[in-house]
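One chain is shown next in structure tokens, namely the form predicted on its own.
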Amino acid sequence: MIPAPFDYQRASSVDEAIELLRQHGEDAKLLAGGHSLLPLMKLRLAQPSVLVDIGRIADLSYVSETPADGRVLRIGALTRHHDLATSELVREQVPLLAHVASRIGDPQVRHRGTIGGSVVHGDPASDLPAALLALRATLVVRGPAGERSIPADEFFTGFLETAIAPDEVLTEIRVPAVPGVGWAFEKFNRRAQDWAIVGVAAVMTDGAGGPGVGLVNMGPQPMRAAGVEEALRAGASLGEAAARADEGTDPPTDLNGSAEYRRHLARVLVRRALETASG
């Protein structure tokens, strides 16, 4: 398929990107790695009149620790999946995130795709949003009114929809460091590079909120397994907690499986993830 006609503009800074978005309104879309937006444009499911390319804004590609206490990792929105997967800092402080990034697509995708592009796309079948939910990350966006921080639980609002306004840019993801904490990532797919039929990201932190469990492809938007987390906080066994994996979910039925099949997979994969993370 061939995309509908569009204009192309390259932004050299976040402020310039925000101004271009303000000028063109909802008809403009940001372009980073392009692995989420371009397929939609080829199918004409998205037809922006203007593409604002932010892919060369070097200031948005980094991984660093919060200077004060080193307990929060700051990740620039244009940090590529490969850089996350191979970062020693991420591997040491948030190994779940490094592992999930290493499982995305193939090497070509990992060298071009960005964490910001994946997250802003808001696809419930994407792996990284589930990991960020489990880790209770915070997403930082900037627009004409300034900067604001959005908890991951409030960021994903619907199918391919997020809390970002049309004239805002995601600049940073802040992830609590969890060195030495048990974690696991499980996903079931037909082929190694396919989207997950169901996936689970789990981290057994005992900090604020307790254990975190994020689900892949179990509803119209990325979501956490709230029933599992509640059961774990209440002292339930891993099996009892995993039995609540599909609680409050709304999985789709498609060529890969029925909603009931996905519910079953969620319970199985959550139990595996919890056992691995606890072991």
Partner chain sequence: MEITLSVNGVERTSDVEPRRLLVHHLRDDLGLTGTNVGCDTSSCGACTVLLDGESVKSCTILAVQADGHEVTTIEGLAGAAGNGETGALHPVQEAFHAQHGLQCGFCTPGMVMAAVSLLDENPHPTEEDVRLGLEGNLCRCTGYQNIVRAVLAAAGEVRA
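Owing to the predicted nature of the structure, the values given are computational and were not obtained by experimental measurement. Numbering follows the first chain given and starts at 1.
The protein also exists as the form predicted together with the partner chain; that form is not presented, and the subsequent description refers to it.
In the predicted bound form, the partner chain stays beyond 4.5 Å of every heavy atom belonging to Gly182. For Asp106, a non-hydrogen atom is located within 4.5 Å of the partner chain in the predicted bound form, even though that partner is not displayed. The partner chain in the predicted bound form comes within 4.5 Å of a heavy atom belonging to Gln193. Contact check for Pro39: a non-hydrogen atom falls within 4.5 Å of the partner chain in the predicted bound form.
Proximity to the partner chain in the predicted bound form, defined as a heavy atom within 4.5 Å, holds among Pro48, Gly227, Pro220, Gly34 only for Gly34. The listed set Arg136, Arg142, His99, His82 contains one residue whose heavy atoms approach the partner chain in the predicted bound form to within 4.5 Å, identified as His82. Comparing 5 to 13, 267 to 275, 18 to 26, 251 to 259 against the partner chain in the predicted bound form, the single stretch with non-hydrogen atoms within 4.5 angstroms of it is 5 to 13. Applying a 4.5 Å heavy atom cutoff to the partner chain in the predicted bound form picks out Gln108, His111, Arg112 from 108 to 144, in order along the sequence.
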